[in-house]
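Form predicted on its own, single chain, as structure tokens, below.
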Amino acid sequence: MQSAIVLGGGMVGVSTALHLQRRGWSVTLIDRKEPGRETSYGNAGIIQSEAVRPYPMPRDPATLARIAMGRTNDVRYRLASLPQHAGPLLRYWWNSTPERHREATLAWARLIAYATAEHDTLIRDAHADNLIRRAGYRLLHRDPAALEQAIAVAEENQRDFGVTFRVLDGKELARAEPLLRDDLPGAIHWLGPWTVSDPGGLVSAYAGLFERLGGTLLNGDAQTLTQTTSGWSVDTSVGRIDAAHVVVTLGPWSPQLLRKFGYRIPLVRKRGYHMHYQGGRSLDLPLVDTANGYAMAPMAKGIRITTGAELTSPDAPATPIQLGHAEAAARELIEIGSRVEPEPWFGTRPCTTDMLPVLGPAPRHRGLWVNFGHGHQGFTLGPATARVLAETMNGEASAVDTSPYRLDRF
């Protein structure tokens, strides 16, 4: 029986462990915390089947100037932290030309095509359907011209990739979400995505399935990973664990570990915040307020507001300025109530400089594999990239050409 250690208990790691397990592998899943407590916990809870294009870096001077001057809530930066981001941001900008973005989109869309189907299998087997709603989400535009531009992009995505949507004018939006103010231009209702009332709970349900099927879940320190004569070993709460293969699924912490073995993976690390609110009115479906760079979604703990990207140091204290702006903007739309937590949650999204995940074998180390760098879509893509990696590790013909995601492209 083949054996593997999977390092990282987020959506990507748990899904990878399950897909290997289903192929008869003996798998130990190791994390420093309980599954789904890091980035997989803090997202907007949307499995985004419509997200067929990765997020490019803006290239037009007007948008870049607004970001530089702090006039947009989508992106915020800490000036003292910019030097450490400069190299990855320059590569990200270079890869965001229309030509290179089109190439990335083709590779990205191949993975997105499997997102809901792969989740569906795990949801059924984990008995987690109570956490799922299959009714899409809405993209709100406060400016009529911006709405028309977004409709044109949606129509292009529908033509090229078959995604489905419906345009709601102001009156239709008011009927769909009667608790919203009724003077808005309208929204795009993406029909294909699924929404989750407890993202961390879904990861926990998948991890529970992994354990019920005989998998081993342990606390341990990924930084203790060492190569042995027969494979790989890691220190855990029950002692050293050995296996022939190891998979690094540590999200934004993956490059730090891989650096020990001579691999240099540039990442743009985007911090995001969230907060829950109770005591006000709720929404029918998640709503993304494009003009103000945030999403709000009805969840088990109340309405969750999630922010855009903050470029800061990994160990910097919380500066939830974006959350404050988002909260104020949300209160213009609906009565959201009071904050539930005393302090906001925050976590980091691991975005590669070419917008594609890192997936496959490490070329200079036998039995070392990687699956990380999903940017804003780790929650969406975890089961899909897990399937592709498990097929590759098991010597099967993969459903997707993996060459665009190889580690040595950097």
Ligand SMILES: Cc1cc2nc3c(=O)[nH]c(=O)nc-3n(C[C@H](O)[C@H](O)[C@H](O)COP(=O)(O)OP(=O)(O)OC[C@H]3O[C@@H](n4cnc5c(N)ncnc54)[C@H](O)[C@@H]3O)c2cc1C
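Quick note: we count residues from 1 along the sequence shown, nothing fancier. Since this is a predicted model, take the numbers as computed values, not measurements.
Below: the form predicted in complex with the ligand, not depicted.
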Considering the ligand in the predicted complex, which of 355, 46, 57, 52 comes within 4.5 Å of it through any heavy atom? 46
Let me know the one among 187, 296, 250, 247 whose heavy atoms come within 4.5 Å of the ligand in the predicted complex, would you? 250
Quick one: does residue 11 come within 4.5 Å of the ligand in the predicted complex, counting heavy atoms only? yes
Please determine whether residue 210 contacts the ligand in the predicted complex, using a 4.5 Å cut-off between heavy atoms. no
Check residue 66 for me: does it contact the ligand in the predicted complex (non-hydrogen atoms, 4.5 angstroms)? no
May I ask you to check whether residue 136 falls inside a 4.5 Å heavy atom distance of the ligand in the predicted complex? no
In the predicted complex, which of the stretches 81-89, 213-221, 140-148, 277-285 has residues with heavy atoms within 4.5 Å of the ligand? 213-221
Mind checking whether each of 76, 292 and 324 has a heavy atom within 4.5 Å of the ligand in the predicted complex? no
